[in-house]
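The chain that follows stands alone, in the form predicted on its own, written as structure tokens.
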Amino acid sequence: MEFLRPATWDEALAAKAENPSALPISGGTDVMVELNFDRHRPGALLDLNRITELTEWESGTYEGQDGEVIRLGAAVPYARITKELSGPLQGLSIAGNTVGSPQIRNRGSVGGNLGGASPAGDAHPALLAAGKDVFVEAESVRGTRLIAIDDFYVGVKRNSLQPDELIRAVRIPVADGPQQFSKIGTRNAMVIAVCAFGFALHPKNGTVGTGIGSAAPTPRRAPEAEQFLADELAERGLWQSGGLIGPAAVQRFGELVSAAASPIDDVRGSAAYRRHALAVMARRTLTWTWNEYTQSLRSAAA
């Protein structure tokens, strides 16, 4: 196995163009498991650890995206996301705090989750819930391509990257309302999610965001649930009043989230359990975020 170790981003792009099958590695929290269990044996590894710009983030405005955006370098570790971005990227920060152990959170990154494209990746539900204006920056010697998060996942552990492309960053809108993340596992830590759910309120445009993990071939939204809840909040004037959503609407939201999944039976859980758990997590995350939202309205009025 060849080991490629570029010192700059341009060198990395050139190496990837010359060796399209080379497997990128940064944190290595997923790649090394695959190698150690001999599940994957690439002809070359492309080590990105010398490229420090991948571990940086910045805020700004970008064409095609409304409002302030966080441009998150592909190799910014989860531990830093939780410490430095818990406000602007609330949902992703909560999700990052559930990843593995402290050692893994100090190495693993959103770029790694996206590159592996596992339906059980903890970052995916939070990215989907953050809205349709989330974009993955894919770059090659041919140029930069922005891939909408909804178009990024194409199959089980498959993404829409071209063979010569690398993930440079992810552009995520700053949260304009409360966000949440929840997952079910066979224990409280160091566990692959049996299923996971991300949720976000977007009061600025009167929408909500959802993200389902580990309950379909790819991470996905629950579009009917999103539309139902957005209509409910708008028609009843709840964005302005902060009134109670009510148990019937909360229950229906959970049912629609559950129906959007297409889970399987496996060693971690049955399809029926995953559907049930998603409905529970949907109801809980909606309740948590709505309570936080109404509290913010009361504080602003005080």
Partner chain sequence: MSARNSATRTIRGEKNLQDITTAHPDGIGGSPLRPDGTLKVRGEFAYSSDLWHEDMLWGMALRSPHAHARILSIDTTEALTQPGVYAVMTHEDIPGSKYYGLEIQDQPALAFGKVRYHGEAVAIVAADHPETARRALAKIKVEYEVLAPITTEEHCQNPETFGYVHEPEEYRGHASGNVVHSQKVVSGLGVNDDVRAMADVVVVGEYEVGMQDQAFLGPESGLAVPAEDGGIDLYIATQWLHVDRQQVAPVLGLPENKVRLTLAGVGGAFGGREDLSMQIHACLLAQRTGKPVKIVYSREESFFGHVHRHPAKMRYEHGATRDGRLVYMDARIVLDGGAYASASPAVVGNASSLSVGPYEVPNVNVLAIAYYSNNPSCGAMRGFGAVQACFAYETQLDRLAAELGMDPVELRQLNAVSQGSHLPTGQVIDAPAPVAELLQKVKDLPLPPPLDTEHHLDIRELPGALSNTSHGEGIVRGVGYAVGLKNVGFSEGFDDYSTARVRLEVIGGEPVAMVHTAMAEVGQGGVTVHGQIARTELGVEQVTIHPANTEVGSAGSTSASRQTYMTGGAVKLAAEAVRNELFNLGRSRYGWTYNDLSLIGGKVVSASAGVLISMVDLLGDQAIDLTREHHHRPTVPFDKETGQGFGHVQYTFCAHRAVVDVDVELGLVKVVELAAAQDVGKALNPLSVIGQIQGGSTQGLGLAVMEEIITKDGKVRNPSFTDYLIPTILDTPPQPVEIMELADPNAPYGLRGVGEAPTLSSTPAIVSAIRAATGLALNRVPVRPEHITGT
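Computed from a predicted model, the values in this text were never measured in an experiment. Positions refer to the first chain, counted from 1.
There is another form of this protein, the form predicted in complex with the partner chain, and it is not shown here; the text below is about that form.
> For the chain shown here without its partner, which stretch in 166-174, 227-235, 207-215, 188-196 has non-hydrogen atoms within 4.5 angstroms of the partner chain in the predicted complex?
Heavy-atom contact with the partner occurs in 188-196.
> In the predicted complex, which of the listed residues (269, 263, 27, 254) lies with a heavy atom within 4.5 Å of the partner chain?
Going through each option in turn, the one that passes is 269.
> Please tell me which of 134, 114, 94, 85 lies within 4.5 Å of the partner chain in the predicted complex, judged by heavy atoms.
Flagged contact: 94.
> Is residue 293 a contact residue for the partner chain in the predicted complex, using a 4.5 Å heavy atom cut-off?
Looking in the predicted complex, residue contacts with the partner chain do not include residue 293, since no heavy atom lies within 4.5 Å.
> Does the 4.5 Å heavy atom contact test between residue 70 and the partner chain in the predicted complex come out positive?
Judged by the heavy-atom cut-off of 4.5 Å, residue 70 is well away from the partner chain in the predicted complex.
> Given that the partner chain is not shown alongside this chain, does residue 58 nevertheless sit within 4.5 Å of it in the predicted complex, heavy atom to heavy atom?
Residue 58: no, not in contact with the partner chain in the predicted complex.
> Is residue 80 near the partner chain? Define near as a heavy atom within 4.5 Å, in the predicted complex.
The answer is no: residue 80 has no heavy atom within 4.5 Å of the partner chain.
> In the predicted complex, does every one of 65, 150 and 298 come within 4.5 Å of the partner chain, counting any heavy atom?
Checked in the predicted complex: no contact with the partner chain for any of the three.
> Though the partner is not shown here, which residues of 30-44 have a heavy atom within 4.5 Å of the partner chain in the predicted complex?
The stretch 30-44, when checked against the partner chain in the predicted complex, contributes 37, 38, 41 at the 4.5 Å heavy-atom cut-off.
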